[in-house]
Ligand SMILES: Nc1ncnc2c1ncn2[C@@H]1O[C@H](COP(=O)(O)OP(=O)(O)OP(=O)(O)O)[C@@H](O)[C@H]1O
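Just one chain is shown here, as structure tokens, and it is the form predicted on its own.
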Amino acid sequence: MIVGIDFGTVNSSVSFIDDDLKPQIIVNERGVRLTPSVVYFKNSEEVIVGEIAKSQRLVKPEQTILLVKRKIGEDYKYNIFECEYSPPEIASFIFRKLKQYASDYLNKEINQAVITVPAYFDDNQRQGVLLAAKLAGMEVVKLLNEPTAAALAYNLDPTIDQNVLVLDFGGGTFDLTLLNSHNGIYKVLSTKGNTNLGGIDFDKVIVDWILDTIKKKDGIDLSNDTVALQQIWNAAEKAKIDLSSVEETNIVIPYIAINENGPYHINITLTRGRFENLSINLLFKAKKLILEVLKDANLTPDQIDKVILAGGTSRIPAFKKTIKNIFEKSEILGTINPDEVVALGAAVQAGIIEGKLQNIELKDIVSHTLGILNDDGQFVPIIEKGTFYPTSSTKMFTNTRDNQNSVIIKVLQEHNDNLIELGNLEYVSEFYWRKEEANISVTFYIDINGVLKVIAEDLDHGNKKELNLKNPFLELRNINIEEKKKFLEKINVL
């Protein structure tokens, strides 16, 4: 059986298609449908994932890891109990827990999953998620872009010609995808995103306001008090949620500190209007991305038939108001729980793959231009942003000097106007070339998961070599996965 997994920055969930061919969320051991994406190291041999782990950040923040999804694909290490862990290794504990929930609930061993990722995730990040799943003993049958998953959950009729904009505003990322449905096919027209813009950033503006308010009011500075800060973060998240339904909320944290007058308590009021003013820069960033995704597709707001809201941050009233002001003529869809819609869509995709549900043809696009660096230091695109995948593209290159038998192929991708190195391919020939004698084809393949493979071939002699990435962001790709799995399996996930 194939399940759907929404691996979220703040919360994760797992889903499946039931006997009535409906997508359902699997509850965890607490009977809750969402599991915090938090890992707490109880000791060197035991980790806790979920709500209990989240509560430990108050007392043992140095052993508690949050927001690991934001580190996927980066050269980052967590040092815990004198051991180093990469982001994919930490994320693997979350996948192991979700796999356990699914296996217990469905009363069978679950080893296959459709896993959702932000549409704007680059190759390093996608590879990081695939690696995390492998380390958890999961076979990823498909990486599904989160906005596409949300569209699948709404079961829109693909035979109706319409433009659908999906706005997935989650706890850690804002992901936008514009689709067109026509003749039974969903085509992605454009995609945008910010993997560092989400609900946690709205929490932060409240945290900063609380710290600034009590410092000005009472001269109390808690910015370096780790335990106090965690309590303030909890209160800020609650206040943000409250202000989605009420105009003002009281932030009360008793006994948060001791000063010369004795115990100090926080008791302040935050209004929705003030919260919106504090968040104005974040809302501006979101609006800018919305207008950019429309511009990339050469469409105006009036040409958008439906707007789908996904992700818990989409509940913020100021964000909803922004959407309504931009898309005055569009139908706004938000009836499915925005915290669950991506996971439900992943289950739908799993059902399609298993043949349980009618196939819907999806044509997704590459979100970043991919290419190589030539000898002049210029970026040479091989697969352009906006190309439908799976796809492949080949370009010819040659050597630049006499008596040369090797070339270094630097593989890069454009990301937010920057060039990010994905890895180097060193091609060594049995023959020595004269200058510009070699005929080397470089082929980029992008598979159904949006993941890149690079092959270089000497057309004159038929020798091929596949890219062996040496990028430190994903150094785990170059070690024995089974050995790493055995090491991680010694750690019990509670």
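The structure presented is a predicted model; accordingly, all values stated were derived computationally and were not measured. A residue's number is simply how far along the shown sequence it sits, counting from 1.
Not on display, but discussed next: the form predicted in complex with the named molecule.
At the 4.5 Å threshold, heavy atoms of residue 311 reach the named molecule in the predicted bound form. Interface membership of residue 146, defined by any non-hydrogen atom within 4.5 Å of the named molecule in the predicted bound form, is confirmed.
Among residues of the shown chain, residue 200 is one whose heavy atoms approach the named molecule to within 4.5 Å in the predicted bound form.
At the 4.5 Å threshold, heavy atoms of residue 140 stay clear of the named molecule in the predicted bound form, well away from it. Here the chain stands alone, but in the predicted bound form its contact with the named molecule, taken as any heavy atom within 4.5 Å, falls in 238-246 among 131-139, 95-103, 418-426, 238-246.
Think of it this way: in the predicted bound form, the named molecule has a heavy atom of just one of 158, 371, 88, 172 within 4.5 Å, and the residue is 172. Checking 187, 315, 395, 204 for any heavy atom within 4.5 Å of the named molecule in the predicted bound form turns up a single hit: 315. Shown without its partner, the chain has 69 as the single residue in segment 51-79 with a non-hydrogen atom within 4.5 angstroms of the named molecule in the predicted bound form.
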